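First comes one chain, alone, set out as structure tokens in the form predicted alone.
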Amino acid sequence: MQYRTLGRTGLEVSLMSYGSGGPSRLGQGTGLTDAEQEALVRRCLDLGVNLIDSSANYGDSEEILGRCLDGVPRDAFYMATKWSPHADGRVKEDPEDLVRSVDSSLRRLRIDVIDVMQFHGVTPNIYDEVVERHHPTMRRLQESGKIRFVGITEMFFQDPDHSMLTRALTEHPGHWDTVMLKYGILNQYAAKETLPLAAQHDVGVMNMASVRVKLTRPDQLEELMREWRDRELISADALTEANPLDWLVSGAVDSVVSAGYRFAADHPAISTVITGTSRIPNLETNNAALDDPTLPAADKRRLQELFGDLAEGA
């Protein structure tokens, strides 16, 4: 396992981190037993994963993690979790809701301090109100010792050009020790402004969902490429209609998914790439892909030429 510094936090985090959200949510969506969930979490640790991400909104994920990590030395892992500052399309009014959520997360996770506490899924239209109403409370929690570092995460499919994070890193870079965003082969837009700003201000970047959906489902990938050709976003002869990204599979790059993980880590501003699989074989394969977090220079350049101005959800 390789390790990188999570920005100004100074935490040395595993290049592959584990996320308890997404479709699986630690196997809540795939029917894993308690024993299987514990085996999954312990395999993460065996592989060298030391950063685990969760949220109060991920079903029972925090509680499951608390159970699975019970007895594991606290210095063996860093815990990141989140609180949603909005509900029903509006920013929550009571700052004490954040305090209650942090206290609940601490109990469910069975820990004394949260390493990275994040505002969850902030969209551009509510950013100002979230900062004004709730950021002081986050600082108070930090001063009390309940949390160590403060982060913010985006709602990618509502903000595919990362305008909220770009603004956050331009106007309030001192507020944010970490940001969580989506960056990958089919979503490179963050490399234009957001990732350079994060690097400039020494803000740690957690890369989420970098290969989720399209890269793992050939039929959906082919459909997306047809759509982009029809919209003249890529040239008609840029890629084959069937298996359009199989040209990436060569040598040590044994699959399109492997290429996706390598590309997701092959940017100097990225601190860690989150995987959320509930299957141990997939976990091990994803980890192996990041043993060498690079692509051949020519392949990386071609991907940037093809998709550098595009975003999957835009």
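We number the residues from 1 along the sequence you see. In this text, all values refer to a predicted model and were calculated from it rather than measured experimentally.
Beyond what is shown, the protein has a form predicted together with a small molecule; the following relates to that form.
Visitor: With the small molecule left out of view, choose which of 44, 64, 274, 270 has a non-hydrogen atom within 4.5 angstroms of it in the model of the complex.
Guide: None of the others qualify; the residue that does is 274.
Visitor: Exactly one residue in 225, 211, 109, 114 has a non-hydrogen atom within 4.5 Å of the small molecule in the model of the complex; which is it?
Guide: The residue in contact is 211.
Visitor: Decide yes or no: are 53, 216 and 282 jointly within 4.5 Å of the small molecule in the model of the complex, with each residue judged by its heavy atoms?
Guide: The answer is yes; 53, 216 and 282 each reach the small molecule.
Visitor: Is there a non-hydrogen atom of residue 261 within 4.5 angstroms of a non-hydrogen atom of the small molecule in the model of the complex?
Guide: Judged by the heavy-atom cut-off of 4.5 Å, residue 261 is in contact with the small molecule in the model of the complex.
Visitor: Is there a heavy atom of residue 120 no more than 4.5 Å from a heavy atom of the small molecule in the model of the complex?
Guide: Within the cut-off, so yes.
Visitor: Taking any heavy atom pair closer than or equal to 4.5 Å as contact, tell me whether residue 37 reaches the small molecule in the model of the complex.
Guide: So residue 37 does not count as contacting the small molecule.
Visitor: Does the small molecule get within 4.5 angstroms of any non-hydrogen atom of residue 21 in the model of the complex?
Guide: Residue 21 belongs to the contact set for the small molecule.
Visitor: Partner absent here, but in the model of the complex, which of 146-154, 132-140, 92-100, 186-194 has residues with a heavy atom within 4.5 Å of the small molecule?
Guide: Heavy atoms within 4.5 Å of the small molecule in the model of the complex occur in 146-154.
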